[in-house]
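Coming up is one lone chain in structure tokens, specifically the form predicted on its own.
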């Protein structure tokens, strides 16, 4: 091999492995020196250099090198000191997927499959869904045709690592001459090196993030201005101006209407008086502490800005307006020292047929969507009259919910031709929307107990549908990777939001109705402008599919829950994660903010409801920027169920927390 061939090979190799600046410098050096200084080097008599370069040319296309080099790197990382192991193991997953895609890209399909199957178990716990997608990449053409694989190839991964861990990794790569691993790491990983000891938490939410073309796009989109405030002349504004808000000590009787109205009717008069007086004394004692906390919190929070609506909002009837104002006047102020009462509705005998549940804003109606394509709506007042508190899911003749007149205490709504995946009540509770695997959305009347409209537009199953805070408009999301905005009086969608790379699993309205948020299996959350249909925010940070969303009452923050049990709180104005809330060990199916926004409730498949102190979480962010190891979450309380995954949560306007779920095994 003569010197010119060696020079050409070295330049080509540097370019191929991503060392473009080094290759350019080497070419410039050859050009200015005409190869004279390099030609003086005796390549043929330098055995070490000749051996190294010949090994490059001989092993460049050898597929066994990937397994050998990755296996050595894996063994070294797993045998490292425990102090640094969790940081070094962060490197393994991106190296693994790019080794696999490199083998596929070079046409070594059999070797790629063997490599994939040998090491996939190392990453299944955290990256199972990604691995299931990559499993379908079997030919070089798939790397370009599959959007997921193409985005991985074009993007880089940001990994936070301490200086000592970084030095250990580089020393290993140079000592073992692992040029193949070094090239993959150089091309696809960006290290964010910090001084000091490794962070104690191995599951830091910001430890591994994707950058590159997609991150650049997200950064560009997140520069757009959004109006996150509340609507002008809202009911809350009117109530504040008129001084209609009551103190907690004045709400004893009003609060009892929200949760105990039916029970109080049945009690004797003397017991009722005694109970109300005791409750009033308790409220007076708790009221002082709650009021102090509320004053401290509100004094430091700047006033929420007011914005104009972009949609033509429906006119609210006088009766509905008066009902809402009455509820707001009697709202209980919650905080870390004043917890809400919780009312849990349990479905029994569903035989795993319950797919979704929904609770009306006042808790008087509960709806369930089932795999047999049916929807059932229960009126809590009727159940209270018959003395049965169970929500039965079966239609057999021995159904305990059948009243003395032979009629069931629930309303059966039939019309869908596939499993029902979502149901939602309109704010007044007079309508129910449902979405199904049959690709349709149906509007039902709770007064007529009949189907009014069937909306068709999605091409695949519709996973979620949500009414806007003012009714009339609603949003849906589907397996077709789109979200759509509809109005009740039109059978075609008003807007189609496209941009997610996978299923759109959940949707939520902003309190001012100018935006909707969507959570997707592509691990991102997006915020969309309902007027233009454009994406105005992309939130990146989840490690699994996003299953639930909630907006804070002031419209400034958003919470999102994923399949791994992680909840992330976001600042809409900056698109940054304020704090991860970790405590659940399974899917987070439902999220809900309290009326004043001080508490966040989360319901999970781990059969618990958790309450989080949102105020302390949002206030501590500045201190945390200085102290990486500070505890960023505060779980106030956990409510475990016997064996009931939590499908739905709802804070009433008076701040009573409702929850619903189906018991997963017969009660003993």
Partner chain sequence: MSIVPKETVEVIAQSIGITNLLPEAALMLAPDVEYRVREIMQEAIKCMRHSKRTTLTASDVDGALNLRNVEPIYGFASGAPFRFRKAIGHRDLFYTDDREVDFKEVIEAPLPKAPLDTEIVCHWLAIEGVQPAIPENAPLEVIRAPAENKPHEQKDGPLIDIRLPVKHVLSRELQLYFQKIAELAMSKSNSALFKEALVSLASDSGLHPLVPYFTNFIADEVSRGLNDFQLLFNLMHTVRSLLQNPHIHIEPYLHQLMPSVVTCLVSRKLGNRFADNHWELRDFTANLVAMICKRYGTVYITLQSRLTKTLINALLDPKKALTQHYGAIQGLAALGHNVVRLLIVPNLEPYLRLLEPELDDEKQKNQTKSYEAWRVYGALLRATGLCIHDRLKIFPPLPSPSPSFLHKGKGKIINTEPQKRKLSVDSSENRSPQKRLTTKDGPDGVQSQDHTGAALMEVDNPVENDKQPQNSAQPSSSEQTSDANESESRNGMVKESGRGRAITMKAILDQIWKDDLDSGRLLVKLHELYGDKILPFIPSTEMSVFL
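Numbering follows the first chain given and starts at 1. From a predicted model like this one, the values you see are computed outputs, not experimental measurements. Take the two forms, superpose them, and find the largest set of C-alpha atoms that agree within 1.5 Å; that set is the rigid core.
Only in words, not in the display: the form predicted in complex with its partner chain, which the text now covers.
Heavy atoms of every residue among 137, 344 and 370 are located within 4.5 Å of its partner chain in the predicted bound form.
In short, of 70-78, 456-464, 172-180, 158-166 it is 456-464 that has heavy atoms within 4.5 Å of its partner chain in the predicted bound form. Contact check for residue 142: a heavy atom falls within 4.5 Å of its partner chain in the predicted bound form. Heavy atoms of residue 600 never reach within 4.5 Å of its partner chain in the predicted bound form, leaving it off the interface. Although the partner is absent here, residue 614 lies well away from its partner chain in the predicted bound form, with no heavy atom inside 4.5 Å. Heavy atoms of residue 316 never reach within 4.5 Å of its partner chain in the predicted bound form, leaving it off the interface. Contact with its partner chain in the predicted bound form, judged by any heavy atom within 4.5 Å, is made by just one of 410, 96, 515, 570: 410.
Proximity to its partner chain in the predicted bound form, taken as a non-hydrogen atom within 4.5 angstroms, holds for one residue of 324, 103, 380, 540, which is 380.
Interface residues of 506-528, taken as those with a heavy atom within 4.5 Å of its partner chain in the predicted bound form (partner not displayed), are limited to 521. The Cα shift for residue 532 between the shown form and the other one, taken after rigid core superposition, is smaller than 2 angstroms. Core-superposed comparison between the shown form and the other one: the CA of residue 143 exceeds or equals a 2 Å shift. In this overlay on the rigid core, residue 109 has a C-alpha that sits 2 Å or more away from its partner position between the shown form and the other one.
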